[in-house]
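First, one chain by itself in structure tokens, the form predicted on its own.
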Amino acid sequence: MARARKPREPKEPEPAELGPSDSIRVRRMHRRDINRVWEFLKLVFRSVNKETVEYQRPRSKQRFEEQYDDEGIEQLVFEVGSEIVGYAECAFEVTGSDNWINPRYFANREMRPLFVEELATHPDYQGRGVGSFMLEQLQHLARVRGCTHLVLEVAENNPSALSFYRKRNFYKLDAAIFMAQKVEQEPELLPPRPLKPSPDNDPAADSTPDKTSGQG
């Protein structure tokens, strides 16, 4: 959705004062993390993707790998010890000829958004402050980069996510809602039709052959 240059293969941060099992550490994603993060996203969104119209993660692993090389995507990994417990992905501007986001919507309202493309928490760590820490990290990036809003998309049938964001003062924009209308079904093929009696067995049939070929 958004594109802004990101650094590649940064140095690891200094160790935190807390022990590795007591703290959540954030770092930028490395190329070597792609497989682990992909498996993490499949785990997090497995149940959600069964119930939503559009996937809540990249459609394929190939696209996810290509996305790492996209200029402007900021990908953050959150860990407790050596375990991935969270993943956040964001960008600072809208680009791309096939993008559905209308940048003028935000420009007309003097909004400079940071687009949150992904915010995923490990199911076993929900309710332990991981989501709040990820959101605080994104808010910090927004302030540093001069953004005025965080903008994201959430499925309306994901009540836990909706509750999480509403408690943190997120509000609904003029966004599209997927709608469907039920259409009465008709079979493509017609039902069986009674076969006409043979002319040999029909005394009312004309004994003179029809001169038109292919008669019914």
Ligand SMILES: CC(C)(COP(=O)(O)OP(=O)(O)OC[C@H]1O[C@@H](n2cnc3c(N)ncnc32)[C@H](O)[C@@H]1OP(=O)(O)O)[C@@H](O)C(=O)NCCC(=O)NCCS
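Numbers follow the displayed sequence, beginning with 1. Owing to the predicted nature of the structure, the values given are computational and were not obtained by experimental measurement.
Form predicted in complex with the ligand: not shown, discussed below.
- For the candidate set L138, I73, V94, L119, a heavy atom within 4.5 Å of the ligand in the predicted bound form is found for exactly one residue, namely L119.
- Mapping the unseen interface onto this chain, V130 counts among the residues with a heavy atom inside 4.5 Å of the ligand in the predicted bound form.
- Although the partner is absent from this view, F106 stays clear of the ligand in the predicted bound form, with no non-hydrogen atom inside 4.5 angstroms.
- For the chain shown alone, A161 is a contact residue for the ligand in the predicted bound form, at least one non-hydrogen atom being within 4.5 angstroms.
- Although the partner is absent from this view, D33 stays clear of the ligand in the predicted bound form, with no non-hydrogen atom inside 4.5 angstroms.
- Per the 4.5 Å heavy atom criterion, the ligand in the predicted bound form is contacted by stretch 166 to 174, the sole one of 65 to 73, 166 to 174, 186 to 194, 25 to 33.
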